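Read the single chain below, which is given as structure tokens and is the form predicted alone.
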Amino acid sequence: MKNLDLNKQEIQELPQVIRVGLLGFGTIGSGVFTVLNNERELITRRLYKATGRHVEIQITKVLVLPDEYPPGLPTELRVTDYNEILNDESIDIVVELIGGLNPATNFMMQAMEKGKHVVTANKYAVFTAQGALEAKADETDIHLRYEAAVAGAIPILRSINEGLIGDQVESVVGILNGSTNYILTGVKNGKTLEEALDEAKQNGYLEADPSADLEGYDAMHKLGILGYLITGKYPAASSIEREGIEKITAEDIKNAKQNGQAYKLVARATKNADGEFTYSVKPEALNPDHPLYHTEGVLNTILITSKYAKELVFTGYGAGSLETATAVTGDIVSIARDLHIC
């Protein structure tokens, strides 16, 4: 295998192109477009090192709404009909970044039926499918990746799937929702819950309908995906104890401050004495010596306890265009590597 110090002439011979159809050009989609274009040469050289082949990744079509003309999207890549991507036999990977349940889930299923590999950041669709997307991937013998669905830039799924493949995870405790953590950080720093909520809206950390964040659904979906990776099966939504931050009162905040504590929306998956996992998402008043206490703003932190590795702590940005795009790009590149590996 040639090393990374090869000249440009060598890797420019006979490129094998992996073509990508991108669904959505919003915050994450535009970030993926930027990362793939900005780091094209770096990615190509690293793929050469991994596979011994000149592999290039190109976004060839981008699905947007009929009345949507995003700045930065070349006109020749813009399509408004998903069938233009689905029926394009040259497209190898479909990257779903439109969000929501449908048509996103249907689009991913259809892509796999057509033999296209799928990457998504859609925790809602992945969790709600309860294993159906993974089953379709197995049935059609394609790659399905969703690293960006949990904790943004943190490579937590890859760490569990690969780094801990020979270990047994016993518990996961984490802050999985950056929006609510931003709000609760504001509360910790002296704002009222209402003031912190308004600031989060103004800074774009909350959707027009913030209920998925505030009521704990977003963190629940992410916790469910982690549960699947750990146990091999998705917990039902009804089996996850869920409580959001909207019920925290001014008196609760006052008492926590007097005790030197800070509220965090904590997601937990814990193995009980019978070897089964229990799941919860709820606000907790944490002491300063807790590993999650100092996680501020939109950062996420995940603490994994396992049989052999003991305690592992991951901290990073759980949201953001380029931050989340790194996880999506990592999935795209890993598929390209696996398709061409020696």
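The structure displayed is predicted, hence computed values, not measured ones. The first residue of the sequence shown is number 1, and the count goes up from there.
A second form of this protein, the form predicted together with ligand HSE, is not displayed here; the remarks below concern that form.
Peer 1: Wondering, does residue 120 line up within 4.5 Å of ligand HSE in the model of the complex on heavy atoms?
Peer 2: It does not: once ligand HSE is placed as it appears in the model of the complex, residue 120 has no heavy atom within 4.5 Å of it.
Peer 1: With the partner left out of view, is residue 197 within 4.5 angstroms of ligand HSE in the model of the complex by any non-hydrogen atom?
Peer 2: Residue-level check for residue 197: no, no contact with ligand HSE.
Peer 1: Hey, in the model of the complex, does residue 213 get a heavy atom within 4.5 angstroms of ligand HSE?
Peer 2: It does: once ligand HSE is placed as it appears in the model of the complex, residue 213 has a heavy atom within 4.5 Å of it.
Peer 1: Would you classify residue 319 as touching ligand HSE in the model of the complex, given a 4.5 Å non-hydrogen atom cut-off?
Peer 2: Residue 319 belongs to the contact set for ligand HSE.
Peer 1: Looking at 89, 113, 81, 207, which is the one with a non-hydrogen atom within 4.5 Å of ligand HSE in the model of the complex?
Peer 2: Spelling it out, the residue with a heavy atom inside the cut-off is 207.
Peer 1: Only one of these stretches, 234 to 242, 104 to 112, 249 to 257, 176 to 184, has heavy atoms within 4.5 Å of ligand HSE in the model of the complex; which one is it?
Peer 2: Checking each option against the 4.5 Å cut-off leaves 176 to 184.
Peer 1: Between 218 to 242 and ligand HSE in the model of the complex, list the residues on our side with a heavy atom within 4.5 Å.
Peer 2: Read in sequence order, the residues that approach ligand HSE (within 4.5 Å, in the model of the complex) are 218, 222.
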